[in-house]
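Given as structure tokens, the chain that follows is alone and in the form predicted on its own.
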């Protein structure tokens, strides 16, 4: 079985072909990073325009790289939520057009869900597992008991950790995106200032929630003093951010008796996070799984594979009236999908 995956949730246009026997046949991504650099972040209207321009060439290349034709495709999976709605609709429209013209099933995928299940493309992870999702738009903790069985533990109350990295990089005039440059610069510096670790000792309702706005503000105050070197500020910021992520993740795994931890999203590529979490997990007898770097950032391979799972394991397809959502949590997306299917069955 061959599934096309289409990803346009933010600024990367991705198309991939997944084969249930051979794995990923192609995984093409057209990045818009250079176009958004001057804005210091993703400019929605520009992103949408570029998706419109790139979606067909990326699709053509994915098919050529996979050595297949559209007639060989058995289903079309697409990112339905969450993301920039002006970007999502480009991929959704492309998927619906392909589904209609080929008369093939249409399968919706949640972006965070795809990030989490990307790990299964390269490794086997036993259920249940704890998923730490860290990216430019998301910082969340879930218990994944099975496919489509998700328990939300907590998320960010303000900035996502990747967004905080971008803003700190902007303060230091390091460019965009901030994650890779801060990670690299931090290796040249030392943690010479003790920055706040927001909510790290929280025991009640915010025990597994995150907040990075206070940390970001503390960094800004240090930058404005013009006392410390950029590399030392980067090292101090990264140490604080990573400490919060690691502490809450390990504590959640221990509280719920879960041995396996999956880290997903663009910030899962961060070297300090990988080292610290692996070290702390080992001390507690926990297993940690990180996707390979090419599956950390937004891509369509994760969408194709997750769509394949939804189609084969759950038999779920949707019609052309299915609508994408700019904001919806992964556990609530499962309910949204079930409610949609119930309404269709009642008609």
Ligand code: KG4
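In this text, all values refer to a predicted model and were calculated from it rather than measured experimentally. Positions refer to the first chain, counted from 1.
Separately, the form predicted in complex with this ligand exists; it is not shown, and the next lines address it.
- A heavy atom within 4.5 Å of this ligand in the predicted bound form is found for exactly one of 105, 128, 177, 198: 177.
- Only one of 159, 222, 232, 183 comes within 4.5 Å of this ligand in the predicted bound form through a heavy atom, and that residue is 183.
- In the predicted bound form, this ligand lies farther than 4.5 Å from every heavy atom of residue 189.
- For residue 137, a non-hydrogen atom is located within 4.5 Å of this ligand in the predicted bound form, even though that partner is not displayed.
- Contact annotation: residue 248 falls outside 4.5 Å of this ligand in the predicted bound form, judged by heavy atom distances.
- Contact check for residue 267: a non-hydrogen atom falls within 4.5 Å of this ligand in the predicted bound form.
- Stretch-level contact analysis of 268 to 276, 250 to 258, 204 to 212, 90 to 98 against this ligand in the predicted bound form, using heavy atoms and a 4.5 Å limit, identifies 268 to 276.
- Along 100 to 135, a non-hydrogen atom within 4.5 Å of this ligand in the predicted bound form is carried by 111, 115, 135, in order along the sequence.
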